[in-house]
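In structure tokens, the next block holds one chain alone, the form predicted on its own.
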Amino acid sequence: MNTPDEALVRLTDVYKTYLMGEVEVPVLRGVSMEIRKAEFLTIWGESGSGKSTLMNLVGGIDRADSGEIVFQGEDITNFSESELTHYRRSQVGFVFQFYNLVPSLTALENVWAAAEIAEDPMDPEEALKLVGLADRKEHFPSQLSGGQQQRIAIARALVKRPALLLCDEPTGALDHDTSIVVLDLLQNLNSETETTLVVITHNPEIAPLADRTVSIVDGLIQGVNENEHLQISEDPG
């Protein structure tokens, strides 16, 4: 279990509202929390709770209406568009529920595509080794199982050597057994590479796998739980 004591990201009084037609829909309503260096953090909430919006703001995909999101001493809410692009490319890796692989590229080529826009990438073949798929590097996505495609997506995120790896429902499209494999992989990568890992999930059974769990309900933080005894991903559901 990682026990970091320094914040990589700190959010203070963050608000986000979307306009649906003429109706304003508040999604985040004054969120304050921190993401610690090298930790495995889960952010748990039901659909519509605001957890994916929170991830998008931390990842620089979207902007907060107000509040501060400070990454290693810099408030990214004040970044220009070019600064946000640089932040996403150099500091953040993303893994989504659906793998978003380029179907006409091999596994290795998909990882290479991410490496080419990174400042200090690792060897793409090394990234594939980290996720246990070096022997599938010449396969196209259609020749891989769902779990293997997700592992390629994780390798694609890791090849940039991100300080922060954000995973939005990474097992949502996978069956039970494959979910176990992917969650075990994420646990091991967090431990071995000390990459800060944030998993967004609606599944409460994933929470005990992480160092800490933040619960979000209706755009508000409802609780933060420190997990003293981590579980190995035997039954994530």
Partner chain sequence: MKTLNRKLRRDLQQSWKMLLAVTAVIAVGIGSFIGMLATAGNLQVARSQYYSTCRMADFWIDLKKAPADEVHRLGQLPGISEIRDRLQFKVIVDLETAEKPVSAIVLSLPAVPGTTINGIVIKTGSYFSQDRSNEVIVSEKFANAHDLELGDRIHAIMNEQRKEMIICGTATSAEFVYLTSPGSLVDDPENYGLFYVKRQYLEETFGFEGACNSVTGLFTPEFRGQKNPPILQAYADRLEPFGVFASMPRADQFSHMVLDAEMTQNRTMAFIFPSFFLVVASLIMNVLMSRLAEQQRTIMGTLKALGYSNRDLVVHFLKFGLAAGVSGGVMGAIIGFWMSGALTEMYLDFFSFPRLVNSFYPGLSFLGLLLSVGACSFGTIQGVRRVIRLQPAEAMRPAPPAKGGSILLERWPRFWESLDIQWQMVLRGIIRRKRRTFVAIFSAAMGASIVLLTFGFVNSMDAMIQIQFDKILRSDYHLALSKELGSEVVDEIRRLPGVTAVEAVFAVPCTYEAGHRKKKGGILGILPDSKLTLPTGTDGQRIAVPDTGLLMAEGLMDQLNLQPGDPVRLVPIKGDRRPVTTHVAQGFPSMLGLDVYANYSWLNYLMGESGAVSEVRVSALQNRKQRKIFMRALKEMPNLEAVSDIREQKQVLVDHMDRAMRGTAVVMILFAAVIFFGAILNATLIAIAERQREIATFSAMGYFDRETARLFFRENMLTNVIGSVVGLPLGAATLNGIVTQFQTDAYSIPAVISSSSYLYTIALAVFFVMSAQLAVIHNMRKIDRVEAMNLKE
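Residue numbers count along the first chain shown, from 1. Just so we're clear, the structure is a prediction, and the values are computed from it rather than from any experiment.
The same protein also has a form predicted in complex with its partner chain, omitted here; what follows describes it.
With the partner omitted from this view, the residue of 130, 167, 164, 114 that lies near its partner chain in the predicted bound form is 114 [heavy atom within 4.5 Å]. Picking from 58-66, 206-214, 183-191, 37-45 the stretch near its partner chain in the predicted bound form, with a 4.5 Å limit on heavy atoms, gives 58-66.
Using a 4.5 angstroms threshold between heavy atoms, residue 94 counts as touching its partner chain in the predicted bound form. Its partner chain in the predicted bound form comes within 4.5 Å of no heavy atom belonging to residue 143.
Taking the partner from the other structure, its partner chain in the predicted bound form has a heavy atom within 4.5 Å of a heavy atom of residue 104. Contact check for residue 151: no non-hydrogen atom falls within 4.5 Å of its partner chain in the predicted bound form.
Contact annotation for 146-172: residues with any non-hydrogen atom within 4.5 angstroms of its partner chain in the predicted bound form are 156, 160, listed in sequence order.
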